[in-house]
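The chain below stands alone, shown as structure tokens; this is the form predicted on its own.
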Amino acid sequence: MLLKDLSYGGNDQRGGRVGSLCFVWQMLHESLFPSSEKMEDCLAKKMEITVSEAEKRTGRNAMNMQETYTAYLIETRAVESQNEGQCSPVDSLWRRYSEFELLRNYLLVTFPHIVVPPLPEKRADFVWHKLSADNMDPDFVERRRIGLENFLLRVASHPVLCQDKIFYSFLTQEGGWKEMVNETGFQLKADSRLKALNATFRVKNPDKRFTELKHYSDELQSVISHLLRVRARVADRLYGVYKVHGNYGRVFSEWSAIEKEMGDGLQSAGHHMDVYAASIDDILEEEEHYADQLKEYLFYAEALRAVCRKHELMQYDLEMAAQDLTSKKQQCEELATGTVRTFSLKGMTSKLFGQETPEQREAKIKVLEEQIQEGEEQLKSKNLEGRDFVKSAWADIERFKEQKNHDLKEALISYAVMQISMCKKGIQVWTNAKECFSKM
């Protein structure tokens, strides 16, 4: 596993509390760069991508109102020249969070069969009460910087998404990028929520696999949400326990001032308690990064549902096309035989005002036959499109499942190791205190 130092580049401009974020982030390298033949041409193999810095800025928004926002520095470097012993130059550009959102929305519309990696949260959620939920808080900005870098690495290592030209432009072209995205017309291709909701309730023959996947994504989101809420409550209680040790330290220090023979031992024990109490801030900040790994899959659940919704829309369009074709065939048969099978306003009108002339009937039959032929071709095309979508989507879902199992396993193991280490430090503090008491 790749171990990467993710300490903030501008620590001298941030408070001491923020500096405590200089720890080793366990990147899920194997899941980002799987060893398969399909990954040989991935952008992540050809280019180093980092979000190296975050900077608070002030500017004007679309409403010409002043606003404060955070910009992130994306740095890229070609890998090939490094392998040849040459030092390639680093290309860098600044992007706002809203530009990351635009990129992801474009990918969602352009690649509906792909489980598109999620962005980190825009505002902090599921946090313990001592942690700031302000989206401009330096600690939160730092964690979001890490999440944005992870998003870019996810996309760059995906066998399909990494080949998109717009994504490459996002990484390498600072000016004119938004215009390139808008020229694709992806917003016009986006399906409306009302249409998606209509398809959900009116599809007659939903694919069982996608229905089960949709239920699974709902359950996954529910379970992870509950886990994050539990973790926040545990963090609050843990914070209280550690701070109580600070009270021990204060009492032992005060006690040592009135004791001659026991004073040194009490003072030393109090020092151990103070150090232990002060360590909780760094521990919980590090723990917040493990929570961010869980949050990624909390947001992945929505990406899974997006694929399911797209399949429902395609199935709904297919069923509507088949229904329309059946109706036209029935109309054509009724005109050809002169019999009406079902009650209709048109049939009643014919009986009241007389039948159509043979010439009129032949003209209508000809138009219907052309529409039927066109409908059959359209239905065949939709069937092929649907089969291709299912094949591509399910292949990417299987890839996602493998990635998810690996990532969550690694995250939970790392979290358990951190908790064990934290408990060992607590045992060591009281062992040291015991030795201090024994020397009195």
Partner chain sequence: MSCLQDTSLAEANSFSPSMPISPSSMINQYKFEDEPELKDLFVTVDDPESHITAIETFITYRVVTKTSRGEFDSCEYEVRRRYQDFLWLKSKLEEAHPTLIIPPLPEKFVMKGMVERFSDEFIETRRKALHKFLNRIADHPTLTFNEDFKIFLTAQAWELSSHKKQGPGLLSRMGQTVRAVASSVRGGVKNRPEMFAEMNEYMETFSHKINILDKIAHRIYKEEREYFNEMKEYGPIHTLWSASEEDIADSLKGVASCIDKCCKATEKRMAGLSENLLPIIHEYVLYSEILMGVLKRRDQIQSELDSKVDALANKKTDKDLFSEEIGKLEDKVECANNALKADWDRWKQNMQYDMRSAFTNVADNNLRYYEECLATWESFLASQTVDHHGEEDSEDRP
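Treat the numbers as computed from the prediction; the structure is a model and nothing was measured. Residue numbers count along the first chain shown, from 1.
From this point on, the text means the form predicted together with the partner chain, which you will not see here.
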Answer key: of Gln66, Asn405, Gln373, Ser381, within 4.5 Å of the partner chain in the predicted bound form (heavy atoms) is Asn405
I need to confirm a contact call. Of Phe299, Phe111, Phe151, Tyr216, which residue comes within 4.5 Å of the partner chain in the predicted bound form, counting heavy atoms only? Tyr216
Partner-facing stretch of 223-231, 202-210, 94-102, 323-331, counted where any non-hydrogen atom is within 4.5 angstroms of the partner chain in the predicted bound form: 223-231
Contact with the partner chain in the predicted bound form for Gly240, defined as at least one heavy atom pair within 4.5 Å: yes or no? yes
Would Ile258 count as a contact of the partner chain in the predicted bound form, using a 4.5 angstroms cut-off between non-hydrogen atoms? yes
When the contact criterion is heavy atoms within 4.5 Å, does Glu254 count as touching the partner chain in the predicted bound form? yes
At 4.5 Å between heavy atoms, is His245 in contact with the partner chain in the predicted bound form? yes
Pick out the residues of 394-425 whose heavy atoms come within 4.5 Å of the partner chain in the predicted bound form. Lys404, Asn405, Leu408, Lys409, Glu410, Leu412, Ile413, Tyr415, Ala416, Val417, Gln419, Ile420, Met422, Cys423, Lys424
